[in-house]
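Let's start with one chain on its own, the form predicted alone, as structure tokens.
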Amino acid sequence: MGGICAARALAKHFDEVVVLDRDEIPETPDDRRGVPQARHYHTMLGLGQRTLEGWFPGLGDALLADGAVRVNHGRDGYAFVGGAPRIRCESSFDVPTCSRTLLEHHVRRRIASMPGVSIRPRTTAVGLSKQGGRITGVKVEGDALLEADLIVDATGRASRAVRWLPELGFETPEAEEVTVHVGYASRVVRRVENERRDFRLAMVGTDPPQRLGVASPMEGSRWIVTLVGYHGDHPPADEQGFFDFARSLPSPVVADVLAESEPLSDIVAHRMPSSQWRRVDRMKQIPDGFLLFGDSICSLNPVYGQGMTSAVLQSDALEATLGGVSGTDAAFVQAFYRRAAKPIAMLWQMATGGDLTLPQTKGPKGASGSNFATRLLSAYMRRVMGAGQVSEMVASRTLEITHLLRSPAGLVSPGMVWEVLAASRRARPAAPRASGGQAG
């Protein structure tokens, strides 16, 4: 998603944009080796979906026609957080919900149809070429050299270009990390319509947030069930262990989906040690003609579902930067890094702020669950979660903030604080099962 989102912005300002991909690109929306995380639950946040629809009008309808499920997160989502279910309410946005693979397939097709854009499959970058202070090209397997006015590295968290830069005499960006040692496991199961079920998406978390389970609809009348655990408390990848982990959650809803549905895939597991932000916006020695993008800059704890939206927002930042400067020198690259840092900082604060409430989480100096500011925020957020069990205003506003459709500052506006304090006093732990009967 990072690479093709970058290509969209570049295509508006360059005659030719070439996307290099190591994989064979399937004609249909199938999983592939280079995107192993696609086999797990993904979501596009509300702002990301609105932005995509602005780029490509009709994208949402095309996804729905291919089997995606329209989910109003307030009305259709069952969320058990803070010890009880969140109150159901009409939220201000809907999101077509499907596999990461289907979404990427549709976005790639639209970007590939833009004038001047081509995608080269089965092509692996093995190095960069340099002339003076400029990166001038990409070396690919087979000793070929592709020269370009601008090279964008969207190869992700494990970017090899970050290692190539110091070999060429350039600075390595410092990295901030918040260590969470998240492990997750997923399985796809058959989704059968059930009149007793009153949700389209279910999410159940422990309090404190050590374990999480999600059952999300996919195209093809399927659920994807993803289980998550922090700091080594990972869901097993064997049948019984996977189910027992789901059953350990404080609401049985996700486990019921597993118990009542036919398995369609093996259980697949993935690990992620930390959220990582390469502080490219602070670099002093920046090469001309080269920039990092997407997860190559910042990879976030996937629990929060922010990665694809981050790529979309960085694409908007890249397009804005290209429209405001001429040339692709270090000044342009630095301008993009600084512009992209604004949405990244918002996502980073939201993700790491939650993770730092766990005492085992390690972060930069001064950022720990034991410092006063973090403890104060944690106490307030517990009030927010409690208030969201009984107040439609708090529930809907919190959803809008989570989906980036409202500023996080809205959490501490006078009206919101008053409602949170008043409603949290009325909150009571409720029966965990979703109203309306069993999950299916």
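In this text the structure is predicted, and so the values were computed from the model without any measurement. For every residue, the number given is its place in the sequence shown, counted from 1.
There is also a form predicted together with a small molecule; it is not shown, and the following applies to it.
Among the residues 216, 315, 155, 99, the one placing a heavy atom within 4.5 Å of the small molecule in the predicted complex is 155.
A heavy atom within 4.5 Å of the small molecule in the predicted complex is found for one listed residue only; from 252, 354, 241, 305, this is 305. Residues 22, 43 and 294 are all found to lie within 4.5 Å of the small molecule in the predicted complex, as judged by heavy atom distances. In the predicted complex, the small molecule lies farther than 4.5 Å from every heavy atom of residue 6. Heavy atoms of residue 199 never reach within 4.5 Å of the small molecule in the predicted complex, leaving it off the interface. In the predicted complex, residue 34 approaches the small molecule with a heavy atom inside 4.5 Å. The closest non-hydrogen atom of residue 337 lies beyond 4.5 Å of the small molecule in the predicted complex. Only one listed stretch (86-94, 322-330, 356-364, 155-163) carries heavy atoms within 4.5 Å of the small molecule in the predicted complex, and that stretch is 155-163.
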